[in-house]
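This document starts with one chain, in the form predicted alone, laid out as structure tokens.
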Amino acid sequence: MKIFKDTEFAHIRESMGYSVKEVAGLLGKSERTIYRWEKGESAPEENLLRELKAIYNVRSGQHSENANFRFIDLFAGIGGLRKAFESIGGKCVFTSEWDSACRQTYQANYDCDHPVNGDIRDVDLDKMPQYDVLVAGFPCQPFSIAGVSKKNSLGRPHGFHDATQGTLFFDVAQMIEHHRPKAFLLENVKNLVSHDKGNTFKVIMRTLQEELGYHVDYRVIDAKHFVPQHRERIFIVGFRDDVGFDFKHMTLPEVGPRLGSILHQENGAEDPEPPYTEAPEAKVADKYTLSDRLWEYLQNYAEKHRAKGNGFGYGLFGPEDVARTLSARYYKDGSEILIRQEGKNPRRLTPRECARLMGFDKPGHPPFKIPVSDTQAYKQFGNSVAVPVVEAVAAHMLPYIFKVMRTAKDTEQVEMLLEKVEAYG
């Protein structure tokens, strides 16, 4: 088949690796129309060319400058989901995070033209701004499928109003039901799938698909493809309309980075950053090295469990390794990720290294601001998402977000036309 490289449209399409058929399906046009645009026989529709350029830029690693859609950030933490969705041209119009220390970090790093709301349960749904996409890293509180009973005859709530009552997922589901966003992304721990013998996940999927009527797919992704740590999380994506979204064709890098890419260089190549590193060569401050007492305790603890056949113990790593999962308890002793040091006890990661490990810091970009204590910083990064993973998921969602917004716009135009017809008889 002839390849047409003499038009901008053809160049973008080929650079993205899309076939003519795939682009036709994505843009809602016939293959014949796409061929005409590629040959220059007719000009592509301006809005569709803009969409294709936006997708191309995002997949090329460039952040989108235009506001392509509006989204809300629930259980926002320190803004990992927001950072990812802004990278594909999303504009955050509402934020909710109950923890005051997280709000401090969030507001230090993002240009908020809206207040950061507290507890999601106190939000007035009718007063929220319009939005297209809902993103939430909701906490998973235990719940299971409700038993079959005569709920209606007893006047009890049914569906997800019953099965998830008292959990924070209920509040997310209630918001989706009330506003009917065009799409959503929910993030949680991998164990959500197996919790309560799989019943918890059944409730969630049944709620999203059957009760709320969304087209849903999910995938567990290990962050090791993007950052030097094993961190498996589940990503649940839903679209109000069937736009053909699935995770099947989302590819991941085969080889990810190693810890050396995020560790302080300690040779003067970095500027000192007190209190994490000290002048003149930006060596890691001594306070991050384990005391003799703590190091002895961790070794004894690990040996005791090894003797019992258990796998509990510290994790000791070097520059060529991939670390364990950074947890919110890292502030206690740092045992899950300890860094080898020549001639002395191992050390914890600094909060700056945690920011890099979670993808909040990237080469060539201003460093993520850490306005809180080390203890709070460790908790915040340990509870957060690995930003590059969410960026990859968001980039995979972007063509379908455009598609569902286009579908919604067409529907609105038809409804307006019908209203005019009815008005004029």
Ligand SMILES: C[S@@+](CC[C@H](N)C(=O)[O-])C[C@H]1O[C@@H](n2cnc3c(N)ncnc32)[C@H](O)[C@@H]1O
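Keep in mind that what you see is a predicted model, and the values were worked out from it rather than measured. So that there is no doubt, residue numbering starts at 1 and follows the sequence shown.
Form predicted together with this ligand: not shown, discussed below.
Shown alone, this chain has one stretch from 313 to 321, 124 to 132, 173 to 181, 70 to 78 that lies within 4.5 Å of this ligand in the predicted bound form by heavy atoms: 70 to 78. Contact with this ligand in the predicted bound form, judged by any heavy atom within 4.5 Å, is made by just one of Ala282, Val216, Leu212, Leu168: Leu168. Here is the short version: of Thr33, Asn383, Gln376, Asn57, the single residue with a heavy atom within 4.5 Å of this ligand in the predicted bound form is Asn383.
Shown here without its partner, the chain carries Ser96, Cys102 and Gly118, all of which come within 4.5 Å of this ligand in the predicted bound form through at least one heavy atom. Using a 4.5 angstroms limit between non-hydrogen atoms, Pro139 touches this ligand in the predicted bound form.
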